[in-house]
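For reference, the chain that follows is the form predicted alone, supplied as structure tokens.
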Amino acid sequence: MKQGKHNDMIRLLLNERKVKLSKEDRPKIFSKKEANKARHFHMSFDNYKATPLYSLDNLSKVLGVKKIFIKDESNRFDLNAFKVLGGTYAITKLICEKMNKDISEVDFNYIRKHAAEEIGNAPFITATDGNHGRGIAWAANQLGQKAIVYLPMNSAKRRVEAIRETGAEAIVTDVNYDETVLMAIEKAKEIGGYMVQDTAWEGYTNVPTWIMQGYTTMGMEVIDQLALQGYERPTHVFLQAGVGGMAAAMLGLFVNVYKDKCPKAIIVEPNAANCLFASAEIDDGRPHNVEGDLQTIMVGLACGVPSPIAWPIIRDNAEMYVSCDDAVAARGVRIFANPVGDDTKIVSGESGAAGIGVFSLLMGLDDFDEVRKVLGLDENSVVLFFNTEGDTDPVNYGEIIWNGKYRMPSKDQC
């Protein structure tokens, strides 16, 4: 597929391995029944409120589609990202397993009351780029438990502070994210803590599966919110991916709910950490790692090792893979922050804005005519995005918005 003049900014790869799943082949871990369990559990929180689904009607006109919907997770549970959905659900499932209870039998207040007697003083331990760790730290604090959170080198000061404000111990390492995960694993073994990680490896699949199931709460909210606005389903969904957990959870849920009418899914990653794109490019059907320092402003996506749980779902169901430069994500941040007409202003971090940055270029440049035709993006398209985080690094957010940091090159330079 021709990539156009902006191929240094955006790389595109059509998924040749997409298959039509039978009812039996749809991922049962993301069935509507399992998603409803997660949603009902989250609804038991005192401060539960469905996050908004915004329709950016003026931007839709500018970019030539019927509708653009944004699921805005920037204030979930008064935090700054969606990740808390997975962390709280996984920790509760872990405790329920010790109590021989199904999560449908309990609510968060019940778990809060009984957590200490079930797990004692052993801390929850995780590695994070910021958002997942803050969710684990917040959940531990709510349960009166301890948390130890490891962060990779060059983690933003504000992200570290936000974790410590919950009472958790935050340790910044001098290695990248994937190596930081290994350090957290060793710590958990050393002190007998509970590892609560959002990626999987051999022998460690239950917790990351539960985390992904927790994410489906926002997917169930979207399905209901779209229906209330008169839309049966989106035609396209842009899903940003690190290890692939959120993307696979949403795609797995949509495959189960929408069946043969599942929206076309476009997977978005940073050039510096595009393990899913690289896996698809190698094209042997297996997940593959990417190495290096994984440095990108899309820190929530700075992962070099695909989740073995997420990869098969993405491989079998995604329409296209996109790998993009940091400037594309920064463009998305500015688009959300500077609404067209009376569209809603959205405060988004770099990872949350990557999809709209990519989409704006696909729809706005003649170079991508062929891509639009292949994807069926036109005036009848209803396109869904997930803003998975707010300004979790306010310093960098300010640099992008006020000072134009990470600018797109001019057309003549592309």
Ligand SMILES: Cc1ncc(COP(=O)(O)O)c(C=O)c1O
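Keep in mind that what you see is a predicted model, and the values were worked out from it rather than measured. In this text, residue numbers run from 1 along the sequence as written.
Same protein, other form: the form predicted together with the ligand, not shown, and the subject of what follows.
Colleague: Choose one stretch from 298-306, 336-344, 145-153, 117-125: the one whose residues place a heavy atom within 4.5 angstroms of the ligand in the predicted bound form.
Modeller: That would be 298-306.
Colleague: Residue 136: heavy atom within 4.5 Å of the ligand in the predicted bound form?
Modeller: Result no; residue 136 lies far from the ligand in the predicted bound form.
Colleague: Applying a 4.5 Å heavy atom distance criterion, does residue 241 contact the ligand in the predicted bound form?
Modeller: Yes, residue 241 sits close enough to the ligand in the predicted bound form that at least one of its heavy atoms falls within 4.5 Å.
Colleague: Indicate whether residue 131 is a 4.5 Å heavy atom neighbour of the ligand in the predicted bound form.
Modeller: Answer yes; at least one heavy atom of residue 131 falls within 4.5 Å of the ligand in the predicted bound form.
Colleague: Considering non-hydrogen atoms and a 4.5 Å limit, does the ligand approach residue 245 in the predicted bound form?
Modeller: Flag for residue 245 set to yes.
Colleague: Of these, 254, 82, 321, 89, which has a heavy atom no more than 4.5 Å from the ligand in the predicted bound form?
Modeller: Comparing distances to the ligand in the predicted bound form, the residue within 4.5 Å is 82.
Colleague: Which of the residues spanning 249-283 lie within 4.5 Å of the ligand in the predicted bound form, based on heavy atoms?
Modeller: Counting only heavy atoms within 4.5 Å of the ligand in the predicted bound form, no residue of 249-283 makes contact.
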